[in-house]
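This document starts with one chain, in the form predicted on its own, laid out as structure tokens.
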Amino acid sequence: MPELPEVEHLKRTLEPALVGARVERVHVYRTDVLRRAADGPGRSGLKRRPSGAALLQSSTIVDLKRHGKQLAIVSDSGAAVCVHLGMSGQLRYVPAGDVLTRTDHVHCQWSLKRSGAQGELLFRDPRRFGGVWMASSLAELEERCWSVMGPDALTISAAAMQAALKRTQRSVKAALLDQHVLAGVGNIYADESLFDARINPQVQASTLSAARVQRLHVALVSVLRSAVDSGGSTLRDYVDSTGAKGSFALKHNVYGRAGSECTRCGGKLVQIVVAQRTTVYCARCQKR
């Protein structure tokens, strides 16, 4: 599943094409991927096609916002749409004249015009774990959907992270994965950050000292920023708006490397299950 770095990189590749573009037409091919922000997160998809205005038709895109793993497209009318990529979702921008190599499983299509140039924004999601939320305003989206999530992992302070971890009796890995605690971190970057901070993923979060939380905070922000700069991690489906794959998987120290040598001490990396997720760590460097 795309995590914060993938969505942040996607946002940065979309901004030059989308900000300032007018939405000429909107085509919806599957209404069940659409949801209303007013209904809150987790609701089932719509059965009928909404009005074009609800999907930004005839308005101009003025901004892109991200919180955790979700990306919002904001228009001059005030309305916004929020895209969650789920496990296999892609948001692709295709300039006029270019051909998308895969046109199957395209559920929504926005026809755009910007400074005379035309293009198509396509939401493609083969497994349909993602979706598009429609909001009358960014404020409504933030209140109804984003407010139930924790602080964004790139902007949270060390003090706020310590306070959040102190409130849970779960393992630190489980806490990092909980989007209500911290928005944006998934399995890849939880494992990588804990390795960088030399913290065992099974340690109870509330027992971490202020110094260890500070170390974890530094590691987490560093890993996320490095991943954003590398275009994220492509393991299977993820590509950015241009179709480019992320290269951060080449820099993974632990994720997906069970049984390999630790890049730091040379020991054998161990694979276990924490919070029902496959977890890889170094038993030497990340002692309990």
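Quick caveat: nothing in here was measured; it's all calculated off a predicted structure. Residue numbers run from 1 along the displayed sequence.
The same protein also has a form predicted in complex with the DNA, omitted here; what follows describes it.
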Query - the DNA contact at residue 87 in the predicted bound form, heavy atom, 4.5 Å - result: yes
Report task. Could you confirm whether residue 169 comes within 4.5 Å of the DNA in the predicted bound form, counting heavy atoms only? Result -> yes
Query raised in the report: Is residue 283 close enough to touch the DNA in the predicted bound form, meaning at least one heavy atom pair within 4.5 Å?
Result: no
Report task. Please check if residue 3 has a heavy atom lying within 4.5 Å of any heavy atom of the DNA in the predicted bound form. Result -> yes
Query raised in the report: Just one stretch in 127 to 135, 214 to 222, 74 to 82, 193 to 201 has heavy atoms within 4.5 Å of the DNA in the predicted bound form, so which one is it?
Result: 127 to 135
Requested in this report: Please state whether all three residues 105, 180 and 255 have a non-hydrogen atom within 4.5 angstroms of the DNA in the predicted bound form.
Outcome: yes
Requested in this report: Just give me the residues of 186 to 209, first to last, that have a heavy atom within 4.5 Å of the DNA in the predicted bound form.
Outcome: 186, 187
